[in-house]
Structure formats: C-alpha cells, structure tokens
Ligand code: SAH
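A single chain, nothing else alongside it, follows as structure tokens in the form predicted on its own.
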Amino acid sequence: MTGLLTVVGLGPGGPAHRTRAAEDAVRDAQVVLGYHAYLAACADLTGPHQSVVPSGIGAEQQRAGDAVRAAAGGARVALVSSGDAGIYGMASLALTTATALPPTRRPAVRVVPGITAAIAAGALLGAPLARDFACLTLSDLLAPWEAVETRLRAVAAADLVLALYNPRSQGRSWQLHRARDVLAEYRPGDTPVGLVTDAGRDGERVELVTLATLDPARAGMHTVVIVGAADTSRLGTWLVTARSLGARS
C-alpha cells in the first residue's frame, strides 16, 4: 500500500503565522523532510517517534525523491517548505516526481498552503498588493539572468507592483543593483519601495525608501523588496496601492 505525501508551507517565520492544517500535517507525519533551517522552524511540532530527515540547500531534487519514495513505501510523509510550498517551494518537484511513478506505486499527494513572503511583507508595509502585482525571483540559479531581466522589464513596463524574492546573497551581490537600474528606466525615482527582512521572525526589519535611494546592501536572502507602481503611495509609515486603477490612494 502507498502512503500519503503532504507538502507543507510553514509560513514566513514564527508559529503565529503557521496554519493549523500545516501543524497537523507535520505532527501526524511519520517522516518529516526538509531543508535543515525549515525543520528547525517546526521543531516544536516533531518528536522522537518521527523520522526527521534534514538536507542542505541545493538538495531539493533529492528531498523530493526521498519524500516520494517514503510515501510510496506506505509512510505518512511531510515535506516542509517555508512560506507557501507552491511558490518557489517544494510542491512542483514533489508533484512532478510523484507523477513519474506508475499509478499503482504512486502515493497520494496533497499540498497545504502557507503564508508566502510577499504576503507577509505586504502586511507589514500596509497594503501595497491591493491590486494586480507580480512576484519575481532575482536568483539566477535555475534560470539564466537574461530570462530574469526579460521578465523584470515586462513587469516594469506593465506598471505592476513587484515583489522581489531572493534579491541578494553573498554569492549574488550584483543582481539587485541591476534590477534597480532596469526599473529606473520605467519608473520615477520617487517610486516607493519597501524592504522587509525576516518577516515574522526574530530580528524582523521594515524599511521604507524610494527607487532612487534603494541601497542593495540593505537586502539579503531573507529580504523581500516590494516596488510600488504608479498608484502606490506612501501614507505616513504605510505603503498603499489604490484599489481602483488610475485613482490615487
């Protein structure tokens, strides 16, 4: 008999932003797999009766394969991601891996949603995502930079609010500089920008700047950068995008 694989989004950080469905899935699992930092974030939900299998960054395909094999062998398995598992998370790999198996060996798979980083950052900034918006990762590990920049230009030209994931890391120090320069070709320097680092975690930091004053050195891998559109205004300490297109907030 095959088991059940649950792909779990743990939310942006602390327990306050985890859903009950996510907590139940982790508690009920016999095997829990994930990047070691994500397992640490849900360590209060696991115990000695479970097999907890950590792995490092870059081992996503291995994690998905191990999770599917464990579930195919009859176990209840939780594969955890931060944020929402379907947004830059493990759901895509898990579903692709599972459906590659013959139907008779394929485990049941379900995806439990979580609060993603853009939503958590938007709430801390106010309401910058009140209308159409786009999410874009600046990581070029899984896509060539040329493709990333092509999408960045398309979003900038469409005047969409933009949430930038993975804006900067030790090994990728120039991409946010380039993204800022590209956006400046389409948007004025006083366009409001919010930087949210470690949303929902210890050390949470929220900064409001403009496109012209955006300092890429202030961002890291745990930062989401939200760039406003023409209908986004700074109202005191809030960023607010008008719900009606063409109307100022």
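Numbering starts at 1 and follows the sequence shown. Source: prediction; values computed, not measured.
What comes next is about the form predicted in complex with S-adenosyl-L-homocysteine, which is not displayed.
I need to confirm a contact call. Of Ala127, Leu160, Ala75, Ile87, which residue comes within 4.5 Å of S-adenosyl-L-homocysteine in the predicted bound form, counting heavy atoms only?
None of the other options qualify; the answer is Ile87.
Pick from Thr210, Thr197, Ser55, Gln30: which has a non-hydrogen atom within 4.5 Å of S-adenosyl-L-homocysteine in the predicted bound form?
If I apply the 4.5 Å criterion carefully, the residue I get is Thr197.
With the partner removed from view, which of 145-153, 100-108, 163-171, 67-75 is the stretch that lies within 4.5 Å of S-adenosyl-L-homocysteine in the predicted bound form, judged by heavy atom distances?
One stretch meets the cut-off, namely 163-171.
Taking heavy atoms and a 4.5 Å cut-off, does Arg201 contact S-adenosyl-L-homocysteine in the predicted bound form?
Judged by the heavy-atom cut-off of 4.5 Å, Arg201 is in contact with S-adenosyl-L-homocysteine in the predicted bound form.
Residue-level question: is Arg187 within 4.5 Å of S-adenosyl-L-homocysteine in the predicted bound form, judged on heavy atoms?
It does not: once S-adenosyl-L-homocysteine is placed as it appears in the predicted bound form, Arg187 has no heavy atom within 4.5 Å of it.
In the predicted bound form, Val206 touching S-adenosyl-L-homocysteine (heavy atom, 4.5 Å):
It does not: once S-adenosyl-L-homocysteine is placed as it appears in the predicted bound form, Val206 has no heavy atom within 4.5 Å of it.
Answer with yes or no whether Arg63 is in contact with S-adenosyl-L-homocysteine in the predicted bound form, where contact means some heavy atom within 4.5 Å.
Because no heavy atom of Arg63 falls inside 4.5 Å of S-adenosyl-L-homocysteine in the predicted bound form, the answer is no.
Would you mind checking 207-238 for residues with a heavy atom within 4.5 Å of S-adenosyl-L-homocysteine in the predicted bound form?
Residues within 4.5 Å: Met221, His222, Thr223, Val224.
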